[in-house]
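Single chain ahead, by itself, as C-alpha cells, in the form predicted on its own.
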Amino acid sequence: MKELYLKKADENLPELNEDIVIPDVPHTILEKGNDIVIDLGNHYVGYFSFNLGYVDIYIDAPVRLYVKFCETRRELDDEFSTYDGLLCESWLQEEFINIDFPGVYKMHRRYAARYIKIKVLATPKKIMLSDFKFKAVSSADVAQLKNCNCYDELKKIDSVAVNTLKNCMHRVFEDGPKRDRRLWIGDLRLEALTNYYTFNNLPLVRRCLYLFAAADTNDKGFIPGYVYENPNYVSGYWFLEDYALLFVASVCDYYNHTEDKDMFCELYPVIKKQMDAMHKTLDSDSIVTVLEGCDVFIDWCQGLEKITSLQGVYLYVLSKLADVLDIIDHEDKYVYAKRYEDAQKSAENMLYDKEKQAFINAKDNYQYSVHSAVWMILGGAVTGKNAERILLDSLNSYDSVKPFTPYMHHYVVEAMVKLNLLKEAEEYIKKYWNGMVELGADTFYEAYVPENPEFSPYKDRKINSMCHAWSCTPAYFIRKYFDNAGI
C-alpha cells in the first residue's frame, strides 16, 4: 500500500504559482561598511535576486556581502551571533556571499521575508546595487480565493490569516516557510480546514493525506507526527499520539467537505490502525495512556499535564469517525460508536471532579488547565450550560494553565463555536489574533503569548517562525461563522 499511496501523492503534486515582487528601491551606491534595507511591502516566500554594478572603475576583487532576510521589522535589529536556542542556528536566514563579477546575482535558496538587509563587508571599489526582485512562490492560487464580507478588525485579521496560509502552501502544507518546512499533522489539519474556505486546493490536501498514509508506523502502529517529502520521501521519527488521531480527523474533514467516499475507503486501513493503536493504550480505567516511545503535543506549555486532553482528542476523533462511518454505512460503524460511548463514560467517571466542578484529577496530577476543559468539551464528555460554565471558568481562573500557541487557541475558539458562544468566539479571535496585527504582523506567529512577547518554545525568540501554519484559522472561523453574519 505504501507504494500506492506515494504514487497517488505524486499525482497530486501541485504547481507553484509565481509572482514577481519589485520593491520601490532606487539604484544605491555603496562602499565597505554601508548597508541597505529593502521592504517588500508584505511577507513573501521565494527567491531573491539583484544586479551588482561598478561605479566608474571596474571592481578588481570579489565583493563580499552579508544578506539577512527578516520576517518582521524587529528581526532587522536582532544580532544572530548571540543566538542560544535549542534548534540549529542554520535556520536563521542570513548569508555571507562573495560575488566575483558584476551582473545579476540570483540567490538559490528559498527565503521567507518582508525585509532584506544587505551590508557590504568588503569591496575594492564603490558598487551599485539595483534591480531588486523577489520571486514569490505558493501553490495557493489567489484567483481562486473566495471573497470575505466581514467587518471591523475581522477584515484585517482575515487578510493576515489568508496570507499566512498562502505562504505555507507549497509542495505540501508546510508548518512554516522559514523553519522546518515539513509536513506536520497538527498543522495540516488546521491548514486544510482554512483552505476549504479560501483557496480550496483539494489536490494539495489529498497529497498530504496520502503522504502520511505512506509513512512508516512505529511498533505500536502509530504514524509519525511529520514526514519529509523533498527531495526524497522520508518518514519522521517523533510519534505523537494526539497527532496520529488528528490524521483520522483530517480524513474525516476531507470526506465531509468533498463526500469522496473512494478516498476515505482507500485510507481506511491507516485510519483503523491509528484507532486500534490508541484503543490498546487504554488503562484499567479505560483512560488513554502515553506509551513508551510515544509522546503527546497538545500545546507548548511547559509542565502541561496531558492525559485529560488526550482523552478528549480520542473522543473528538471517535465521534467524527463514527459519524462518517454511519453516513457511508460502513460495517465498522457500531464498533467506533461503542468505543465512543465507553470512552465518554470513563471520562465522566474518572476525569471530572464533581465537587470542584472541573476536569481536575489524579491522572493529571490534579492540574487545572484550559486545555483539559476545551478537549473534554470538543470530545462531548460534557455539554450544554455545564460545558459553557466549565470553559469560561477555566479561561477566567487565575489558577488554570492557559494556552501558549495559536494552535491551542484554535481549539478554544472551536469549543466556543460548538457551544454556540459565537459572540464570545468572535471577541476571543479579536483579542488574541488582533494583538499580533497591532504589532504589525503581515502573517501570524508560531507562538504568541501577549504577556510574554519574548516567549519561545526553543529558548530563543530569534528562531521562532513568524509565519506559521497553525495560526491561520481565524480565516476559517470568520468565513464559516462570521462572514456577513452581523452578530
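All figures in this text were calculated on a predicted structure; none of them were measured in a lab. Start at 1 and count along the sequence shown; that's the residue number.
The next section is about a form of this same protein that is not shown, the form predicted in complex with a small molecule.
The small molecule is not shown here, and in the model of the complex it never comes within 4.5 Å of any heavy atom of residue 71. The shortest heavy atom separation between residue 477 and the small molecule in the model of the complex exceeds 4.5 Å. In the model of the complex, the small molecule sits within 4.5 Å of a heavy atom of residue 179. At the 4.5 Å threshold, heavy atoms of residue 334 stay clear of the small molecule in the model of the complex, well away from it. Residues placing heavy atoms within 4.5 Å of the small molecule in the model of the complex fall in a single listed stretch, namely 171 to 179, out of 171 to 179, 213 to 221, 155 to 163, 127 to 135. Checked against the small molecule in the model of the complex, the candidates 297, 239, 352, 254 yield a single residue with a heavy atom inside 4.5 Å, and that residue is 297.
Listed residues 247, 184, 314, 359 were compared with the small molecule in the model of the complex; 184 is the one with a heavy atom within 4.5 Å. Proximity of 199, 433 and 442 to the small molecule in the model of the complex is absent: no residue of the three has a non-hydrogen atom within 4.5 angstroms.
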